[in-house]
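Considered here are two forms of the same protein chain, supplied as structure tokens in two stand-alone entries, structure 1 and structure 2.
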Structure 1
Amino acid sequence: MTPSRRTLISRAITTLALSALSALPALAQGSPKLKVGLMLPYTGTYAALGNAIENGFRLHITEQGGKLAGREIEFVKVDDESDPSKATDNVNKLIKRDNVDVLIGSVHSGVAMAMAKVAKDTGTMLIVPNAGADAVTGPMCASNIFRSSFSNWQPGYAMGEVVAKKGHKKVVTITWKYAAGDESIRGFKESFEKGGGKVVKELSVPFPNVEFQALLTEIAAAKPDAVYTFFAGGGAVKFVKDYAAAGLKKTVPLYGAGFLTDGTLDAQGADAADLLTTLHYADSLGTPRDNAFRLAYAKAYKLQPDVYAVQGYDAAQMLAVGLTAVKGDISKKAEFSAALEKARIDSPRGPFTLSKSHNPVQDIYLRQVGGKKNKLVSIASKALADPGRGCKL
């Protein structure tokens, strides 16, 4: 039977409609999931940090109803083991095998540097939720690379200002001989000497060596007005305890970047009492925003949040800002980046913006150990921007 004219017209309309639908972007047809590659340490020394970052990241997504800019999130997780030698292979697998849309990582600066290189080469969006390597937002900077945490320079520079204002003139520095320690010391020295002081001796031990006795003897012999240090984790615990045991705590004030006493106070006990450190977060900010975050985090995970949880939470906030601006289409990288460059992130740490090199411009707090908390004393440096030296953006 020959189809009627009406039937032919109806079929033609249906065909045109189906063609038009197939030509629509996938996002308009019911957004596919956004694949987020979490490349973090889940074993080893930094496992607790990796878990806190992921917890913070997931908390913000949960608060948004499980979606960002209308897109559900699918996680692909890789344990980077804090091993830079495996980092390039790990990140390439996430991009080429797992086809992730965005990378979140990492804690270890060596791993983050490898991630930044691959992200820069491939154009994959990367948000760094911890690693402070200055080069990530310095010579390695790119329009698709952002940081939600800090540069190693920032806490060091802020503490240099504090120590100079306290009237100390001669300071000895001590750290592990690796990028994070070197960069923290450089930041401290820059502002301390600008404030009229002098770093009279720079001491270091190979990472992750924790044999400090010989260097503590050198400090005692040098009789400085104060000591500035960068250690973290188990090294920070051992150094604080050894410093007190050597009798130096009573005679030479000890100052540090905040990692000296973050996540370490239980183990350091009374030896950490009253220590002053600088960081972009404190345990007692007391703002409505921070109070709400801390309550939500504690309810979700039965844990108290720390600076790492905040950095993970803000990495998700930054992803949400970019995605909202491009209506969920992360392929619009220029628009995504432009939105973040103009954004003001409402963080539990306090609002921050991003520098030209995509590092947070943020308040750095002076904190004092009291009980098992790093309590807020004051703002050491207001809206401190990393200089982003070497960035060509």
Structure 2
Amino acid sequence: MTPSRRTLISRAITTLALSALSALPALAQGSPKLKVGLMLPYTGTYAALGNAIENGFRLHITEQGGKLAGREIEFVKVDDESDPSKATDNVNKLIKRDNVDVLIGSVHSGVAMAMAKVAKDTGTMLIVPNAGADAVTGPMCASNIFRSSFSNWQPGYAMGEVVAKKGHKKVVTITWKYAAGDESIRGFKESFEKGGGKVVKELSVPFPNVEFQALLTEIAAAKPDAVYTFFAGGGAVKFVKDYAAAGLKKTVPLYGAGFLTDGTLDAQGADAADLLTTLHYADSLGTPRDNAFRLAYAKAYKLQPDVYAVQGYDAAQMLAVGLTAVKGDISKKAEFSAALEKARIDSPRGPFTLSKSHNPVQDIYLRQVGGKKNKLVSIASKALADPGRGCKL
């Protein structure tokens, strides 16, 4: 029996429709989930920081109804342990085994530099939600690498100006011996010495050691006008407590990059009272935007937010800006990046734009510990841009 003319036509239409459908990108066939690779520390001295970043990131997605640019989000998580020696393997697994569409990470500068190298080589989109490694938005910068946080240089540079203006002349620095500590000290020294001061001694312990006793004895003997420090997470808690226990808090003023007292105040208690630090966030900004964020975060997690939560939230906001511009198709990398380069991110910290090398241009606040809060004192440095030294974009 030969098929009728009508059957033939209807078969032809079906074939046409099927081939048209298979030619469409997967997206149009019901938007597959967007795979986000979260590479963060969930153990070790920076564990609380990793958790706060993830909380902040998820909060923004929840506020958007669980989708960005129409795509549901699927998370693949790796505990990077803040261990740079495992970082390249970890990031390669996320890209090659798990096929993530975008990488979010990490906290530790050494880990982030390994991620940036692989992201640059493979073209995978990377948003760094903490690590300040100057190189990531310096010599290692790339069109597909963005940061929602800060460069190590930024809070250090702002504090150098503050300490010089206070009239301190002789400063000892103390930190962990790795990129974040070294670069924070370098930023501080640059502006402090420009302002007429002198860094007379640079002390350090290997990361993540917390054996500070011998170095605190050295500080007491050197009798500087002040101390500048970079520590964070569990190490910051121990350092602030040891500094007070050694009797130094009463005799040598302690200044730090704001990580020293962010997310740590419950554990530091009275030993952190009145400390002055510089950072791109404070707990009492009092803007409608920050108030709304703080309320939503506290409701969702029964926790107060900190700078890490803000950076995670803003990493998700940045991802949303890029994805919206490409209607969810993250393979359109040039358009994704162009949208972010033009964006003004409505952050709880205050709005920020991105520098040419993709680092936030932002106000750095001077804060003082009062109770369980890093209270706003003043803007130490308005719209401070990392110089992006060595970045060719």
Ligand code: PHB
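Rigid core (definition): largest C-alpha set, two forms, superposition within 1.5 Å. Each residue is numbered by where it sits in the sequence of structure 1, with counting from 1. Here the structure is a predicted model, which means the values were calculated and not measured.
Structure 1 derives from the form predicted alone, whereas structure 2 comes from the other one. Relative to the superposed core, A272 undergoes a Cα shift of 2 Å or more between structure 1 and structure 2. Relative to the superposed core, G123 undergoes a C-alpha shift smaller than 2 Å between structure 1 and structure 2. After superposition on the rigid core, the Cα atom of T173 is displaced by 2 Å or more between structure 1 and structure 2. Taking the core as reference, the C-alpha deviation of A246 between structure 1 and structure 2 is 4.6 Å.
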